[in-house]
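Have a look below at one chain only, the form predicted alone, in structure tokens format.
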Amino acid sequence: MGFPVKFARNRWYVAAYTSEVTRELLPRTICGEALVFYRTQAGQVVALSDRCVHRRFPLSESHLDGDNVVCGYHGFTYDTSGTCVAVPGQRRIPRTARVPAFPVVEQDSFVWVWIGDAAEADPAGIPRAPWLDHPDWTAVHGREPLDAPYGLLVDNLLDLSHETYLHGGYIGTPEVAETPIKTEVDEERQIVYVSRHMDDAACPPFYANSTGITGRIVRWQDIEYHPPCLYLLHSRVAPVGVLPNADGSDPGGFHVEVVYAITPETENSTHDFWAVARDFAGDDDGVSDFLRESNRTVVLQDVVALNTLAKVLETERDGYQELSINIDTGGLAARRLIAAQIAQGAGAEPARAPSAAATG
């Protein structure tokens, strides 16, 4: 079974970092929907369809008048609910003059948007990444465009054995590929867990240069994937033999939370949001700069590989059978859960009601 190409519409997706959404109109395509984002004068985030109802001109190529968007082509003006409040040359506004507004929530440094049925948009269903704006943690982040289906990135992140071969010299060491994994699936909560614990591993530059560890390490990789959008890698490193205390405290360990928001742009392109949060050297700008540049290099290595793979798959003959082994169990579970989410939300339409207002 290949990865589903379509999208689970009745789900929350990361559309932007909170810092990206300002008083400037921000265009972004999510699950094939062209959207425009902006902040009201009070600071709330608004998400509207990025197409004027009149002649489909992009609202992102327009301008704000207070909290209203004025189309740059013919002046149709929309409030934060998507309702048209002014048209050129007449006082009567057509009843159908409105654009879809989409529910949005700001949480953990992300702006989340709901693409499907607005009545089903429950903010309690948004998975958490609290380290990204927690005062005891320091985070760096970025976003890279991927010219490949989002499923290829999900496969990539759920099988970290590729670090040994694709990311050698940054985060990959032989032990990552050599160590067996443990995979569990929480069907009720819709979470895939993949764990790899290395008791005696080489310390890659990514950790040696950020933590100061010079010898071999204990290295734990505990993946927590919330289909379809949020991927969390709970990473722990420490000198060999240094383990958490019986009470769960871990003063000898260094903890890094690697977060990916995997947001489909179209069926063949993806927004790759990435962040790295740490609980050590929080005030050291040099460590922040190093982790930002190192992780971006790793992400770009993945982008190159996945863009290449996407082109190859486009030319594959029908009926090609994938070969999967134990390292693929997490990715296969993710495919199954996402396929079920897509089937569950089949036919879900984007928010159309003008009452779908933004929340801060």
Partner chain sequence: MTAVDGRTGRTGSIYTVEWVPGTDLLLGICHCGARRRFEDPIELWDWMLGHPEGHRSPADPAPEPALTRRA
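Residue numbers count along the first chain shown, from 1. Everything quoted here is computed from the prediction, not taken from an experiment.
There is another form of this protein, the form predicted in complex with its partner chain, and it is not shown here; the text below is about that form.
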Note which of Gly253, Gly72, Gly151, Gly142 lies within 4.5 Å of its partner chain in the model of the complex, where distance is taken over heavy atoms; exactly one does.
Gly253
State the residue from Asp117, Asp279, Glu175, Glu106 whose non-hydrogen atoms include one within 4.5 Å of its partner chain in the model of the complex.
Asp279
Does Asp79 reach its partner chain in the model of the complex if we count a contact as any heavy atom within 4.5 Å?
no
Can you work out whether Asp222 and its partner chain are in contact in the model of the complex, taking contact to mean some heavy atom pair no more than 4.5 Å apart?
yes
Any non-hydrogen atom of Ile325 within 4.5 angstroms of its partner chain in the model of the complex
yes
Trp131 near its partner chain in the model of the complex, any heavy atom under 4.5 Å?
yes
Interface segment, criterion being heavy atoms within 4.5 Å of its partner chain in the model of the complex, picked from 93 to 101, 202 to 210, 186 to 194, 282 to 290
186 to 194
Across 135 to 159, the residues having a non-hydrogen atom within 4.5 Å of its partner chain in the model of the complex turn out to be Asp136, Trp137
